[in-house]
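Just the one chain here, the form predicted on its own, laid out as structure tokens.
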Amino acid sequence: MLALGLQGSPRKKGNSDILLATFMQELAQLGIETQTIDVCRRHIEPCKELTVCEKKGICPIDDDMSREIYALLRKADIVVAASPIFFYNVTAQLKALIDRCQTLWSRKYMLKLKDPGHAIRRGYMLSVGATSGKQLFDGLNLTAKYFFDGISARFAGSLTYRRIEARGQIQDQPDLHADVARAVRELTKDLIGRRRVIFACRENACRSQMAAAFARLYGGHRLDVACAGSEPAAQVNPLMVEVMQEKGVDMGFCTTQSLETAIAGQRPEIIITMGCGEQCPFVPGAERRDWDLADPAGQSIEVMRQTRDDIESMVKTFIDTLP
């Protein structure tokens, strides 16, 4: 399970930075993998309203959004955004990232594709503001609501503090750590304790990707899912993406990874292999299963479709028979 932090403040070691770091540390103490993006120090171009995303579901701008951030937003089960209040909303830098998520919004609402993680992903907002106005966070929360909806995440709430301006002042809040701990417990209460399963094939380009997608789609409330390959390819198979799209399942921005990386992130309880069993590293305590599925790479689209349908059936049976 990945929790992705989005730090939207241009001030280094400022109050938003401290607040997000405290929140992410609390998540890490629960055994959750965490990663934080310092938005203001990444190459993120503003939306140029090219409208390509509404037609093709991709953004043609070549920057850190297309190279990395879209994929991380899709991989994460939890997305936590942090920003100080700038004119009753988030900073311009974080807003640029949010605006560029029109690509994900378009895949969901224009192309009618379903993100496999949509049922379990949730978003959370952190913010500080210098004044004490009653409507100080109204604009931010409205933006957060639609941002999280656009990335297929449920807006699970926000933690905000008024009259915070001097660098490091947030640390003077007597209830800061208690507030964060309470928010994290509520945010993760139905995610902790899910069974960790890794689906593995040779290239992590077809079979394991489809299996992981169906497992998240049908069993994400019970399973913490990852996929990997013994010899990962540079990218996923485009024919696999096409046949999954025929089922309405969105495989856009999926990336491959090695088995070693997947296992190092969080130790699995179950490893399901698909033709790479002899190359799968031994993991003490992990149950091993092998599904006899031929590699459809290089075959016709009909073979890829049959493999997709076989995997969907096997995943459903696997979920139904879990103790």
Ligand SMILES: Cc1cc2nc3c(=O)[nH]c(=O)nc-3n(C[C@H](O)[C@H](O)[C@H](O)COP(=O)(O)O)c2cc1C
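A residue's number is simply how far along the shown sequence it sits, counting from 1. Keep in mind it's a predicted model, so treat the numbers as computed, not measured.
This next part talks about the form predicted together with the named molecule, which is not shown.
Participant: Would you check, heavy atoms only and a 4.5 Å threshold, whether Tyr146 touches the named molecule in the model of the complex?
Facilitator: So Tyr146 does not count as contacting the named molecule.
Participant: How about Gln135 - does it come within 4.5 Å of the named molecule in the model of the complex, if we only consider non-hydrogen atoms?
Facilitator: No.
Participant: How about Ala130 - does it come within 4.5 Å of the named molecule in the model of the complex, if we only consider non-hydrogen atoms?
Facilitator: Output for Ala130 is yes: heavy atoms within 4.5 Å of the named molecule.
Participant: Taking the named molecule as it sits in the model of the complex, is Ile164 near enough to touch it, meaning that at least one heavy atom pair lies within 4.5 angstroms?
Facilitator: Heavy-atom contact with the named molecule at 4.5 Å: present for Ile164.
Participant: Work out which of Gly117, Pro84, Gly219, Gly150 lies within 4.5 Å of the named molecule in the model of the complex, going by heavy atoms.
Facilitator: By the 4.5 Å criterion, the partner-contacting residue is Pro84.
Participant: Counting only heavy atoms and a 4.5 Å cutoff, which of 297 to 305, 310 to 318, 7 to 15, 21 to 29 contacts the named molecule in the model of the complex?
Facilitator: Only one stretch passes the 4.5 Å heavy-atom test: 7 to 15.
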